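Listed next as structure tokens is one chain, alone, in the form predicted alone.
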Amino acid sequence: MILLRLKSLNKTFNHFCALTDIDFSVGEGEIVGLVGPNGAGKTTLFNLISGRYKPSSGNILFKDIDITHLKPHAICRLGISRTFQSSRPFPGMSVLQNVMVGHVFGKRSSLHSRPENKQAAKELLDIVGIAHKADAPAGRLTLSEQRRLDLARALATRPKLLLLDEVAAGFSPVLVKQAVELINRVRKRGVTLLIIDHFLNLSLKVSDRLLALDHGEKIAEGPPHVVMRNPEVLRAYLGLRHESERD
């Protein structure tokens, strides 16, 4: 089943074309890595899907519902959640309260939720590995812990599709391994994932498919091992030319 479908999606800022004619779909249960060099249009694509930006033209369908012009909160309540490249906790609130905010935002609940909802928030903190920090101020978490909190808060909205923006950026190899395990745990909860990964330290390990962008255009799509041998992708990342282009 196709969960997300992008049709001829374009985004222009003044006279700059950030995305050009993007056609793409994500199947239910997939993990898809969105890759490309800086300025490729990856975060712009996330901003369009989540409703932060509106496309200049084209359509976005989620579960066959046209969400192109919906506001972010409406898109979230349909089942799409996201994290950001820079962690954005509420620093003066506890870690547990931060997750409860995600629950409230996603389902129009009261912050004074029932005990079972509070327990569900604690379980999410356990899933992401920071249950022991539940009562700590979110502003005191390390970068790695903040990214885990971002994930727990996004999961609290009960998404069907989760957009992860550079969730493992700056991680050591040990932390990347932990992130891989975490992503796989999230997938087992029935969540479909679209992951931005500029440095390829996570997406190559967890993705079923890759979508490669460069200068706002789709240059490759398919299994990771195929995409990463694509001449256009090699050129975008490494400046390498195909054999046929060499002197």
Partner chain sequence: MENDKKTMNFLTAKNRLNKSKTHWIGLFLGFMLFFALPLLVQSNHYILQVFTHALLLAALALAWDLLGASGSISLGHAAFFGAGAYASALLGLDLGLSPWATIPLAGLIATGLGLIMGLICLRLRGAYFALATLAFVEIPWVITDNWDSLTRGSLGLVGISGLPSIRIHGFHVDFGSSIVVSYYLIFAYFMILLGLVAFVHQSNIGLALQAIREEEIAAEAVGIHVNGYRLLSLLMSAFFTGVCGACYAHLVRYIEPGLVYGLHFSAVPMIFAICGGRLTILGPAVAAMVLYPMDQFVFHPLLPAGHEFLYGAVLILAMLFMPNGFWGRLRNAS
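Positions refer to the first chain, counted from 1. These numbers were taken from a predicted model, which means no experiment stands behind them.
Unshown form predicted in complex with its partner chain; subsequent notes refer to it.
A heavy atom within 4.5 Å of its partner chain in the predicted complex is found for exactly one of L124, L163, C76, V167: C76. In terms of contact with its partner chain in the predicted complex, the residue from V101, L143, A120, L175 that brings a heavy atom within 4.5 Å is V101. With its partner chain omitted here, the record of contacts in the predicted complex names 66-74 of 32-40, 190-198, 66-74, 203-211, defined by a heavy atom within 4.5 Å.
Proximity of L96 to its partner chain in the predicted complex: non-hydrogen atoms within 4.5 Å are present. In the predicted complex, at least one heavy atom of F84 sits within 4.5 Å of a heavy atom of its partner chain. Contact annotation for P159: none of its heavy atoms lies within 4.5 Å of its partner chain in the predicted complex. Under a 4.5 angstroms non-hydrogen atom cutoff, its partner chain in the predicted complex lacks R185 among its neighbouring residues. Scanning 128-157 for heavy atoms within 4.5 Å of its partner chain in the predicted complex gives D135, R153, T157 in sequence order.
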